[in-house]
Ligand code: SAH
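Take a look at this one chain, the form predicted on its own, written out in structure tokens.
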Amino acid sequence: MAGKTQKSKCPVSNKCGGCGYIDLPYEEQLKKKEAYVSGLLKPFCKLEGITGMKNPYNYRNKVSAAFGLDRYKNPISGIYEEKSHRIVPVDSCLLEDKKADEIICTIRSLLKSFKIKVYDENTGYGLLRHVLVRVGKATGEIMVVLVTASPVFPSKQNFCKVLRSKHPEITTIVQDINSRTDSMVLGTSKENVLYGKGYIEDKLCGKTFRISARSFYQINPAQTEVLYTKAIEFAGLSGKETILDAYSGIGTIGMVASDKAKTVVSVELNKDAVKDAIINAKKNEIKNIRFFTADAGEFMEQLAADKEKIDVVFMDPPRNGSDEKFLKSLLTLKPDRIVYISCGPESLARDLKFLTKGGYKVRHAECVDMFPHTEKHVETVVSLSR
């Protein structure tokens, strides 16, 4: 019918901004992303395609909801509206794990009977700020993190008991204390384990990983396996190489690559992540990996100064890419090969320009759609050699 706009698959997509491609057929989304990355990488190489998901829904294993009040002072939970601090109420999201969404709705429904007030940013009163749910997709383990403005949590044991009676699949519940005034979800240091071990485990590429509330862990494990398999293939490992895993997080890529390398050196600035990584290596009985808590750039400069030979560097920087200091250190270290895993195509193109001027040539580049239905968010894995 003329003049009638088609209803979106998601009723809040225009407000939240998290799934700009939700109403595009999935094949079309992939073509758009491939064309976008291909255009950016044209000066360096030809893109070798994009791998999509078989079922591109409910893939997010980490779900975070902000809690607040509506104008009638009733508790609401959801996501912040794009570029604002207004909460868009959301009960279920097509990208998020279904069980995680259900748990968040249950928590909201329990607040009144437990007389738990949600935090009011304007007045600074109230207790519950956010709820974070992490799901081990392969293990089925579930962690619930209750982010509170203060450590005092009345009848917390009873609250956990009731929540678990409604969702027996929850394996651990953690209280994170966040008294900050910014929009960061988790506080910086203090947490109390209210039930269970305080962490969950998940399996990735045949390895077991321990994930705590603050651990960085890829949000789409199915596509992460595709991505890491591709990255290791691009590294061309023979079993004789010493590899460096920069920005290593909880050690995922280094541990997955350890079967095919002689030695793995893993470097990460986040102390909590390194702690998890050491435990993960023990759990997986990996003997040829060493962990260092340091800035990756400074660490590489030190390796170069000590004349240490590194054959392959795996780098997986944040969305804004690597800073010049890191890239200069990489050029000083002179590894034979670099495997760059990128979640920001524009910063990838910028960094490749720097590396190719520094004597490296791009050999291969391929995309993996880690974030279906989102605009321009796509992972690219690139191999370079000297």
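Keep in mind that this is a model prediction, so the values were computed, not measured. One rule holds for the numbers: they count along the sequence shown, beginning at 1.
There is another form of the same protein, the form predicted in complex with S-adenosyl-L-homocysteine; it is not shown, and what comes next is about it.
Engineer: Pick the stretch from 251-259, 111-119, 94-102, 140-148 whose residues have a heavy atom within 4.5 Å of S-adenosyl-L-homocysteine in the model of the complex.
Structural biologist: Only one stretch qualifies here: 251-259.
Engineer: Of E82, E308, D295, E201, which residue is found within 4.5 angstroms of S-adenosyl-L-homocysteine in the model of the complex when only non-hydrogen atoms are counted?
Structural biologist: In short, D295.
Engineer: By the heavy atom within 4.5 Å rule, which residue out of G344, G52, P317, G68 makes contact with S-adenosyl-L-homocysteine in the model of the complex?
Structural biologist: Spelling it out, the residue with a heavy atom inside the cut-off is P317.
Engineer: Against S-adenosyl-L-homocysteine in the model of the complex, would Y228 count as a contact residue? Criterion: heavy atoms within 4.5 Å.
Structural biologist: Because a heavy atom of Y228 falls inside 4.5 Å of S-adenosyl-L-homocysteine in the model of the complex, the answer is yes.
Engineer: Does S-adenosyl-L-homocysteine come within 4.5 Å of any heavy atom of L269 in the model of the complex?
Structural biologist: Because a heavy atom of L269 falls inside 4.5 Å of S-adenosyl-L-homocysteine in the model of the complex, the answer is yes.
Engineer: Is the gap between Q218 and S-adenosyl-L-homocysteine in the model of the complex 4.5 Å or less for some heavy atom pair?
Structural biologist: Taking the distances in the model of the complex, the answer for Q218 is yes, it comes within 4.5 Å of S-adenosyl-L-homocysteine.
Engineer: So, F159 and S-adenosyl-L-homocysteine: in the model of the complex, are they within 4.5 Å at any heavy atom pair?
Structural biologist: Close contact is absent here: in the model of the complex, F159 is far from S-adenosyl-L-homocysteine, nothing within 4.5 Å, heavy atoms only.
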